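This document starts with one chain, in the form predicted on its own, laid out as structure tokens.
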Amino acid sequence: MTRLAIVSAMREELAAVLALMADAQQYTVAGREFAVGELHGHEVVVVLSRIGKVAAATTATVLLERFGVSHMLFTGLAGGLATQARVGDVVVATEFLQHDMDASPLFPTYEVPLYGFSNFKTDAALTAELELAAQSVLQRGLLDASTLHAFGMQQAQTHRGLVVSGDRFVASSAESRSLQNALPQALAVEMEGAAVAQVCHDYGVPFAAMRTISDRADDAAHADFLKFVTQVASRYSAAILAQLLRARG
């Protein structure tokens, strides 16, 4: 049986998806509301993880242990680090790393103790499906000219690569530059993905993730944050998920 988990950190990030789940069964576990039902003909469990790595790991574990999901997908926002990751673009993660993991000198910086590596890869097949769905939606031009202008956006692009996670909101140019220098391959920074990737690795469950770039992780990172989520990121999430599920048949 295929049962896909769809996870975001904040309600606003999944508002458009949750609106389609009005008839879903609701379950409360570990203080989180899990909506179990159908979305575009597929069985799904939709939940808000809350913010941060511990909250995300708790949510992922409940999804696997209590709801028996077979695949997991995370969607939401991120700050852009790489030059090409512009506001409004979508990054599809191929791997995750915790940028605040440092158990040195016992282990190399960023390496997760006792794993022997620092990067947790997403599932290749599910990630490829997600990337194709994102490309299809963005090529159609989901947003009108006034919305693009309001947020200083150009035609959105899709990128794939490394996303880094940490338990702090990167909102200064100095910290953004520091991360870029330390991790030059990183496309974007957020606060949950690496934790979910590690849990899915432990359980052997396919995981994929996409992040809409809401800011450049600099001193202006807080500007119009919720407005961007509502008018851009939530719409992207709903449209890309719909494209993905319809393509799966």
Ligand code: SAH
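The structure presented is a predicted model; accordingly, all values stated were derived computationally and were not measured. For every residue, the number given is its place in the sequence shown, counted from 1.
What follows is about the form predicted in complex with S-adenosyl-L-homocysteine, which we do not show.
Out of the listed residues A85, V92, A133, L77, L77 is the one that sits within 4.5 Å of S-adenosyl-L-homocysteine in the model of the complex by at least one heavy atom. The single contact residue among A186, M191, V199, A35, judged by any heavy atom lying within 4.5 Å of S-adenosyl-L-homocysteine in the model of the complex, is M191. Using a 4.5 angstroms limit between non-hydrogen atoms, A9 touches S-adenosyl-L-homocysteine in the model of the complex. The closest non-hydrogen atom of H149 lies beyond 4.5 Å of S-adenosyl-L-homocysteine in the model of the complex. Not displayed here, S-adenosyl-L-homocysteine is approached by R168 to within 4.5 Å at the level of heavy atoms in the model of the complex. The closest heavy atom approach of S214 to S-adenosyl-L-homocysteine in the model of the complex falls within 4.5 Å.
Comment: 77-85 is the region of 138-146, 118-126, 101-109, 77-85 lying near S-adenosyl-L-homocysteine in the model of the complex, near meaning a non-hydrogen atom within 4.5 Å. Along 33-71, a non-hydrogen atom within 4.5 Å of S-adenosyl-L-homocysteine in the model of the complex is carried only by I51.
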